[in-house]
Structure formats: structure tokens, C-alpha cells
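Take a look at this one chain, the form predicted on its own, written out in C-alpha cells.
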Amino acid sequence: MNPEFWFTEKYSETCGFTFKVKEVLQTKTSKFQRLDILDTYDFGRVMLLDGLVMLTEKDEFVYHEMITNVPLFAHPNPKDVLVIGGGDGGTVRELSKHTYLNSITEVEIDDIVVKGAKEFMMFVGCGYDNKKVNLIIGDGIEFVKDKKSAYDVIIVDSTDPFGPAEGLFSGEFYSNVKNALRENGFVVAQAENPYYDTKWMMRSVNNMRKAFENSVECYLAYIPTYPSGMWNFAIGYKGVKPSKSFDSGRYNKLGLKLKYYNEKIHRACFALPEFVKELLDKNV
């Protein structure tokens, strides 16, 4: 009889999240990180990087819909989008639904993530099938340094803020991102959670604030397999506040078949619980 195999992601020394694994589909190590792809009983296929859950088949749609649609529908007329990170393909999959976009460029530092998603997780890896997607294997931090007014929306779809992603949480990086944005542009970044990763959440938000000053808002989404289930996104803007802007005409015309995001979610996700507001206010 085969022994049971359980995986646990530790959120602290005393708590974590655990699930039973059917099979390990792939394990690879690059010069940047270790990739594991699991098949599980409750969450379908799961991608881990350095032992941390990056996405699961069951709930990845929440993250990918929220990191893409909020800035796109807040922008008055987006045409060119840059994704930094996002090697699983889920973000470009969602962007590809916006057929009016002229270009979608992704800069991913580690090709083992892309290859793993294409081989074992085509529910996200299918994002690379769109001919508008220009995939560049390289360093996103270096990529944006010489870009001036090149993009309408920049999405920082990074891993947690250490290892290869640590530089994506710096003030210098966000200054370069601001220069790369056109007028009315937005940058959105995953910014951890307000329960277990307060320090890292505020490091991301405050470094974005160094570049965008008061033009930064935060919004929340609820992703069951991420630490605490409550996930924060920081969005910097060069025009209108994203919480006050929603292109209902474009939204209705596209008629997207989504599972989480809609017009009411767009407006409501900027309504923050008091403890999150206090945390953000204390770290201005």
C-alpha cells in the first residue's frame, strides 16, 4: 500500500496550509529557483516555486482576473501592456481576452516556469498561444530601465519578494516603471497579504509610493490557497484614480466570460477593512 503524501506550506512556525498529493508531475531546479508541479485531490494541478504555492488549478482565476482586469477597465484606452514575471501564462491568458490590445509583452526571468506550464498546466499555459504575446526570457528589472512612455499598463506578476523577485519590490524599479508608462498609465503589482506578510506588503506599497507619491491605491481579492485567503494588490496611476474609473461600455462590448471579476467587484475591491486601512496609513 502506497503511503499518503501531504504537502504543507508553512505560513509561520506554528501554522500553514496542507493538502494531499496524488502525484508529483515535475521537479526542476534552475539557477534561480526550484519548480515543482503537483497533481492534488482538492485543488487540481498546483505549481510551487521554492516550496511556495504560486497557483492552483482550482482558484488561479481569481488572481489572474484581478491583476489584469482592474487596470485595463480603469484605463481610458489601453493599447500596449507589459507583464513582468507571470511565467505560468495565466496573466497573458486573461490579457488575450482583450482583443483590442495592440501588443502584450511578457518578460519572464526563468524559462523552466514557462516550459512547465506549457507541458503540465495548459489551463494557464494556453496564454502563450495568442500571437500578440511577445515572450522575452530575461530580467524585467533591466528591461524597463531604458523604456520611456512605452506602455499603457504594466503588470508586475512576481513571486514572493525574495530570491529572483526581490528587486521587483524596490523603489528604483518603480521609478523606472513610472518612466515606462504613458500618460494615464497604470502599474499593478501583487503585494502580499495583511496577515502573515505585513512587512513585505508594506515594503511593496511604500516603494511604489516613492515613485508615484500619493497616486497609489490598494485593492483586495480572495484567493483560498494563498496565505490568509486575503490578497493585496497595489496600483500606481498617472491619471485618474482606478477606484473612480471603469469603462462600462468597453466591458459590456467585450462580453467576457469571467468567474470572479465584474463591474461591482471592480468598485468594491477598493473598499478596505479598517485594519488594512490603518496598516496602510501608518506606513505612509
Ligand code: AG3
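Start at 1 and count along the sequence shown; that's the residue number. The structure presented is a predicted model; accordingly, all values stated were derived computationally and were not measured.
The form predicted together with the named molecule exists for this protein as well; it is not shown, and the discussion that follows is about that form.
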In the predicted complex, does H64 have a heavy atom within 4.5 Å of the named molecule?
yes
Contact between P242 and the named molecule in the predicted complex at 4.5 Å, heavy atoms?
no
Using the partner position in the predicted complex, report whether V53 sits within 4.5 Å of the named molecule, counting heavy atoms only.
yes
If you check in the predicted complex, is N207 within 4.5 Å of the named molecule, heavy atoms only?
no
In the predicted complex, segment of 180 to 188, 94 to 102, 209 to 217, 150 to 158 with a heavy atom within 4.5 Å of the named molecule:
150 to 158
Can you list, in sequence order, the residues from 230 to 251 that come within 4.5 Å of the named molecule in the predicted complex, counting heavy atoms only?
W231
